[in-house]
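We begin with a single chain expressed as structure tokens, specifically the form predicted alone.
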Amino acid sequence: MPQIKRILILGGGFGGINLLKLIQKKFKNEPNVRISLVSKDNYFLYTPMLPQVSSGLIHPSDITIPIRKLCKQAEFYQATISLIDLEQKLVTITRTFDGKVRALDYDYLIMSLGSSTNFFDYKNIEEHAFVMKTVEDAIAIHNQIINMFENAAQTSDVNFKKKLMTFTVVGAGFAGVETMGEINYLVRESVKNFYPSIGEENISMNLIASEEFILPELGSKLGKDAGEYLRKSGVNVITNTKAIDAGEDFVQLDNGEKISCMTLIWAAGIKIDPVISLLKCDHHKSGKVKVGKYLRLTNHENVFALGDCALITNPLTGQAYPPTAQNSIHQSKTVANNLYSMITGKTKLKEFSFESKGMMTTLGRRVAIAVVYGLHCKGSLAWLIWRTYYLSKLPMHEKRFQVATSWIADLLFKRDLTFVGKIKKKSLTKVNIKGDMPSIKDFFKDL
């Protein structure tokens, strides 16, 4: 009997999910290929639209797609990855609901794990700041904003009201700028329409940028244009500055300024999962694994890496490709081809090379800024291009319909200001199932 080839994908982000879809098609008529995918969430999150969830423009379910709907011929494990053993070709996973573990073996491994928030050892900032990485983060920010509305509307203390209505975003890359653009519109429109007792003069929006201008990925001209637009819309853009400390009601900047605020959002850095950074292979100083031209690890030709966790160098510039969704999607195409080549021998190995067609970001309602095929674009046209492009890239037709419907509703109606309180979650850590997997503690004790 032909030997079964086991393909194991780690990560359910852009790279992992797009790779899953591609290889399911390529190996549709290959019965001896087994595909598995591991992700800590049971859904794929369409992160470019995450700031729109924080502002209530779209519903969280609009941009979350159940991974099992995408698994046409693959097995899915909702679990966290505890250990990757490249020598034994084993991956240890921990089941999310009760901490039980198991080991998965593989013939071909694809690592497409995302990154987490880097607070650069600022412990107080980590304790008091919101972040924008997950759908839960976006919901938390939305709830926080509405909570500040309700509290500010019921106090007569002007100084306290101003503190409640001060919102600070640290980090002026795509995530930070889009988050500020969305919540700036939500706050100002909501106060004008539903909270007249607050007063628009008590609103303060602050964007902290460590460089001379915001959106450095787009270059100085567009970055400065974007900063000027945000200033005209009421945002205090503070450049060449870093946040170094925070408390329950303030954020401290390295220029000596102390901003009194009750809402701090941190979007200033990322770090690599320790499971990746501790692997026994070649790494960049950031913790990313180094891969060759075929996106394989050195000395481990059956292991591929792409997305945030991989350092992939552009052969034309000598610089690393940025960790964007656009790059992850194109990297997954190269990996899919090379997997098919290695398993079937029907194609040749393909080197990864990609030239970005452009980058874009929204700045608020009906305003965006973009570079498309080298051409600079801003305003309503860029906003229309942004919406058309990202809507077309949503993986499922039903999700495109839901997002488009939410966008149309936003043109006709006011934003939803419902505050969703805490939701109870029951754990099963003490449940003992005979013959089932051991706990993570017991597993490593036995090794």
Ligand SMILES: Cc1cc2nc3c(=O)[nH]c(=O)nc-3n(C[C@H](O)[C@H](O)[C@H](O)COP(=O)(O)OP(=O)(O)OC[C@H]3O[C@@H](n4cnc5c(N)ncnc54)[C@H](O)[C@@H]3O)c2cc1C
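Residue positions are given as counts along the sequence shown, with the first one as 1. Remember, predicted model here, so these are calculated numbers, not experimental data.
This next part talks about the form predicted together with this ligand, which is not shown.
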Would you mind picking the one in G171, G223, G364, G114 that has a heavy atom within 4.5 Å of this ligand in the predicted bound form? G114
Can you work out which of R34, R400, K40, K378 has a heavy atom no more than 4.5 Å from this ligand in the predicted bound form? K40
Contact segment among 324 to 332, 242 to 250, 341 to 349, 368 to 376, judged by heavy atoms lying within 4.5 Å of this ligand in the predicted bound form: 324 to 332
Answer for G56 alone: is it within 4.5 Å of this ligand in the predicted bound form, judged on heavy atom distances? no
A175 within 4.5 Å of this ligand in the predicted bound form, heavy atoms: yes
Using heavy atoms and a 4.5 Å limit, would one call A382 a contact residue for this ligand in the predicted bound form? no
C281, heavy atom within 4.5 angstroms of this ligand in the predicted bound form: no
May I ask you to list the residues of 17 to 54 that have any heavy atom within 4.5 angstroms of this ligand in the predicted bound form, in sequence order? S39, K40, D41, T47, P48, L50, P51
